[in-house]
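Given as structure tokens, the chain that follows is alone and in the form predicted alone.
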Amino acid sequence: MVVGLSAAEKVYIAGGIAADIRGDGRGRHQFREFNIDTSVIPQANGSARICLGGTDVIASVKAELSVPPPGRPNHGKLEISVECSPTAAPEFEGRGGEELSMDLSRALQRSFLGGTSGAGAAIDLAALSIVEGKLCWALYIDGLVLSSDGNLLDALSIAMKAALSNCGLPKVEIIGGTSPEEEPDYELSGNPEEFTRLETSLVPVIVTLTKVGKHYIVDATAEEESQMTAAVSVAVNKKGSVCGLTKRGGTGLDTSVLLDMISVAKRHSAVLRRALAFAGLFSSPNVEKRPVSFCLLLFRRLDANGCRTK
């Protein structure tokens, strides 16, 4: 979001970050309070909505039966796209929204889709195969930005991870056409209780470090982002492996600074992922959910005190 600030406001933002007391009372490495709701779109196979401060995004997963991709007969398909609603911010109208949508889509694709062979994808694409070379599941993940107050990429990654965890694939029964010359004949179960959950433990969480002055912060607001010199978004999975890296801003970064930013992002992604799991976000729908912000605060304090939180 483009934010017009006075000289005094710019000094206030930079001074607060330098003093580790941001304008909303947070420290440099604290997230804003946020809420997540799942199953918000009944027509989708999985969906989630996250409100992170003034940032509001929705992610949905639509599953369709398809033909396996060329050269990968035992794989399914995974596609990601993002759209910024013109009502989310004035600059999203016209080309501005289209360019940001493309940038967000590319960053998420780098983090979730893996290589051209499917290796490193957030979802095991082989698990989406139904009949080798003939039939598979194609998952279409769509993100929608409803309002923007900074940190869109992180919010979208969390929403997409939650939507994939919420996704259920109907049971498919092959009743004929199994020979190489025949097209498969199948039936989809109409029983809402007969479905398969996706394995989402390796779906990454993205943490963005935004550099303002000599310091970098997590979960930057739109005003803070307007004062950044550079930002690095790091996608990290459960194993602590970096799945994707996106840099914004025209200022270069020393290698030592970049490595430190990646290290900080990995630490915060681990705390965030454990807090989301502890909140019951990735549990079955009948499991009682705990407030995400409370869980994030709890695990951040445990981590700061050197307690084991795995």
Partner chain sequence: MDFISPEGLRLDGRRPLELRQLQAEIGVVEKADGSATFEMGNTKVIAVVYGPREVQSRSQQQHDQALVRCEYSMASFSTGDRRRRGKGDRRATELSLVIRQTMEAAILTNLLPRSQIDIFVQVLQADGGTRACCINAATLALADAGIPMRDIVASCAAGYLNSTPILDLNYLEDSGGGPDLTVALFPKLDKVSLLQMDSKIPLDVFEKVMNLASEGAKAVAQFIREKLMENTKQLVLAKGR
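These numbers were taken from a predicted model, which means no experiment stands behind them. Residue numbers count along the first chain shown, from 1.
The next section is about a form of this same protein that is not shown, the form predicted in complex with the partner chain.
request  = Work out which of the listed stretches, 120 to 128, 196 to 204, 147 to 155, 235 to 243, brings a heavy atom within 4.5 angstroms of the partner chain in the model of the complex.
outcome  = Among the candidates, contact is made by 147 to 155.
Contact test, all of 65, 103 and 114, partner the partner chain in the model of the complex, heavy atom 4.5 Å = Looking in the model of the complex, the three residues 65, 103 and 114 all stay beyond 4.5 Å of the partner chain (heavy atoms).
request  = Decide whether residue 167 counts as a contact residue for the partner chain in the model of the complex under a heavy atom distance cut-off of 4.5 Å.
outcome  = Contact check for residue 167: no, nothing within 4.5 Å of the partner chain in the model of the complex.
ask   = So, in the model of the complex, is residue 137 in contact with the partner chain at a 4.5 angstroms heavy atom limit?
value = No, residue 137 is distant from the partner.
message = Is it the case that residue 220, even though its partner is missing from this view, gets within 4.5 Å of the partner chain in the model of the complex, heavy atoms only?
response = Heavy-atom contact with the partner chain at 4.5 Å: absent for residue 220.
task = Answer for residue 42 alone: is it within 4.5 Å of the partner chain in the model of the complex, judged on heavy atom distances?
result = Result yes; residue 42 sits at the interface with the partner chain in the model of the complex.
message = Exactly one residue in 133, 213, 184, 86 has a non-hydrogen atom within 4.5 Å of the partner chain in the model of the complex; which is it?
response = Only one option qualifies, and that one is 86.
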